[in-house]
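Take a look at this single chain in structure tokens; it is the form predicted on its own.
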């Protein structure tokens, strides 16, 4: 049942008969929501005429994809893919969603490429060393989402699916643990798993910003079915140096991340690629890809590369007023997002420290994402110097 505010909006714009129809007919509900929530991308891109042409099984799949946006009309995206093939099987819907969010043509095709050699505007040796920009060692993090092609995406997984996927991943974790450059251990939240940890140990990992939080608290993921069966099939691998982490069973099957305090972006990028190669190199662990859209992720915002590259940067001059407003205004045209050090909607840190990352995920290569972070930081630091008192 929608929240009270949504109910009030519905009552204001529809009589009692229309309201009852809306509750029992999802398409009618969407049509009533469209004029009320112009910023909900999924609701705005839902075409009843296209929906009517679909066979029953695809109708059910499309409605499942948009359920989060129906139940949470204040969503920006409003939909999640629930099967690895949803982006291709429901392309007339998702092509509109992707075009609207990523600002690309509806016929856009994504290409994946980790090689920096073809990227223009970089140092001749392709070393993305922030010390050449006069910066000290910074907190650098690159992460990517991945899903296994032989399983439904998290929004459609059964409890058994979630546990089986975690069990299948144990082979990858055993291999990483046995490698001297990784080591570490796996922590499982699934009772019966040999790596199971109790609630106290889980809370310690959350407090240390290693493990993800209880997903039941997220109304968007709950409505999408992604948070179902918590905490079964969830866990995380952590390397011995705590600089390589793999989450299992969050928004995507896997969220693989590497972080380092340093200045060379290449080192973090290369380690992440090596981890991905180790995981996908194990027999039976094949990632889901779309021929048109690249890496398949649950949320269309991450589709393509599934990658976010970020670092924490002090901008005391641009944040002298205590906010990140000036930094955001300068960063936006550079293709960069500015967040608080704790993530989106969190405050800036000491000395004006903010989280900087390229905004694009789709129709951009992995190499270009990291290169755009390097180039954007150079331009942002020039503006920071200009703002010096």
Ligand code: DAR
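Basically, rigid core = biggest C-alpha set you can superpose within 1.5 Å across the two forms. Positions refer to the first chain, counted from 1. Just so it is clear, the structure is predicted and the values come from calculations on it, not from any experiment.
Form predicted in complex with the named molecule: not shown, discussed below.
Q: Even though the named molecule is not shown here, does it sit in the predicted bound form so that 158, 190 and 216 each have a heavy atom within 4.5 Å?
A: No, none of 158, 190 and 216 comes within 4.5 Å of the named molecule in the predicted bound form.
Q: Pick from 263, 75, 290, 222: which has a non-hydrogen atom within 4.5 Å of the named molecule in the predicted bound form?
A: Residue within 4.5 Å of the partner: 75.
Q: Exactly one of 309, 315, 211, 299 has a non-hydrogen atom within 4.5 Å of the named molecule in the predicted bound form; which residue is it?
A: By the 4.5 Å criterion, the partner-contacting residue is 299.
Q: Heavy atoms within 4.5 Å of the named molecule in the predicted bound form: which stretch in 301-309, 177-185, 148-156, 191-199 meets that?
A: Heavy atoms within 4.5 Å of the named molecule in the predicted bound form occur in 301-309.
Q: My question is simply whether residue 344 lines the interface with the named molecule in the predicted bound form - judged by any non-hydrogen atom within 4.5 Å.
A: Yes, contact at 4.5 Å.
Q: May I ask you to state whether residue 166 is within 4.5 Å of the named molecule in the predicted bound form, using heavy atom distances?
A: Residue 166: no contact with the named molecule in the predicted bound form.
Q: Since only the chain is shown here, I'm wondering whether residue 251 would be in contact with the named molecule in the predicted bound form (any heavy atom pair within 4.5 Å).
A: Residue 251: contacts the named molecule in the predicted bound form.
Q: Once the two forms are fit on the core, has residue 67 moved its CA by at least 2 Å between this form and the one not shown?
A: Result for residue 67: no, shift under 2 Å.
Q: Does superposing the core leave residue 29 with a CA shift of 2 Å or more between this form and the one not shown?
A: It does not reach a 2 Å shift.
Q: Align both forms on the core first, then report whether residue 343 has a C-alpha shift of 2 Å or more between this form and the one not shown.
A: The answer is yes, as the C-alpha of residue 343 shifts between this form and the one not shown by 2 Å or more after core alignment.
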